[in-house]
Ligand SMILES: Cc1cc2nc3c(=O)[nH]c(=O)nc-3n(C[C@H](O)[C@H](O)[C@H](O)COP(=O)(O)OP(=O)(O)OC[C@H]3O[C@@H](n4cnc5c(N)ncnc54)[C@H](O)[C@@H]3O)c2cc1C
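Given next, in structure tokens, is a single chain: the form predicted on its own.
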Amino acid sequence: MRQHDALVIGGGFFGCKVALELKAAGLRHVVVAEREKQLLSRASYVNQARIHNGYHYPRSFATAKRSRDNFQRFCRDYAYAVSNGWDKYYAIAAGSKVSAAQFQRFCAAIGATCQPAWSRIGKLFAPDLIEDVFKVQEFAFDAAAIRDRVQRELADAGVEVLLGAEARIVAADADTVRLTLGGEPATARHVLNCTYAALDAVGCRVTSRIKRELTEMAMIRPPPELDGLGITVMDGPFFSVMPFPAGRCYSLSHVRYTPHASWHDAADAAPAPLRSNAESMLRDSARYLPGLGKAAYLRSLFEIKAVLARNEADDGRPVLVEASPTSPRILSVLGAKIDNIYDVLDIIRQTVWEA
């Protein structure tokens, strides 16, 4: 029977970084179990690759401020994967939940750069549908580059990585957690459940209510006038288009058309996408940014997104680190944005780990 000091279920960005932190904390035999054939291949890859700087969360000051606090740190620590050779703009739509004046005040409150840009770039927008446009500081990350670096870090640290290995918690007592790992019995002193959308589907009950969405990210090639730009139209049922470094293209997400289905019950099976909404995304987005009507659609990436249900109204994105009601040796971890990793690692460092 395999015996481990710590088993991390889920080989996404959060799972891998948590494993490295556990190793640094002095645990000897740390294992990452990933059911896919490659690390960072699911939600860590299939997202808009945005390094948040706070702008996206005018209805959740705490999330916005935390993003600001983490932004420079992430850009420094992962400079090798940061894409910043392009200009980013936030456009405030007519009828937005946040007016242009409110957006400016919000940016000032969190200390984020926000410069009026209509005179330089306003010609790209439909003037009757956009109130104002601001140039901001926001970058993208290359998930493939991060995966390559993390794989080397895991190997150098002596963290064992098991790919194609399904892990499931069976039971726990005061001293150990029993599991099946790749169909074989195993034990661990500590289990870190970093499975994101599958958080409560690996034999570990999570008391926090989680909303899941089947989402579509459209990959596009923008026309020349939009190449080198990232644009977010907010705040409401609007869209965002920006570079997607790992795919050498651009991503397009739309608040109305990116989600295909949503559910809260962990027992519900994830639906399979029946069609692509990319045509609807492009058609509606082109009403505000006409140049998108000339964009070339390449393909779509589908993934399940998970957020805490309690934050649906305010759009907040706090981390969740929750001990299982079954055993304190089982921790479930949920982070909604890549910069949340610092919040999670701070909690890991403050925890006493028994080898």
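What you see is a predicted model; the values in this text were computed from it and never measured. Start at 1 with the first residue shown and count on from there.
We do not show the form predicted together with the named molecule, though everything after this point is about it.
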property: Among the candidates 93, 81, 202, 278, the residue which, in the model of the complex, approaches the named molecule to within 4.5 Å (heavy atoms); result: 202
property: Answer range among 292 to 300, 320 to 328, 65 to 73, 40 to 48 for contact with the named molecule, defined in the model of the complex as heavy atoms within 4.5 Å; result: 40 to 48
property: The named molecule contact in the model of the complex: residue 23, any heavy atom under 4.5 Å; result: no
property: Touches the named molecule in the model of the complex: residue 166 (any heavy atom, 4.5 Å); result: yes
property: The named molecule contact in the model of the complex: residue 89, any heavy atom under 4.5 Å; result: no
property: 4.5 Å heavy atom contact, residue 215 to the named molecule in the model of the complex; result: yes
property: Heavy atom within 4.5 Å of the named molecule in the model of the complex - qualifying residues of 118 to 149; result: 141
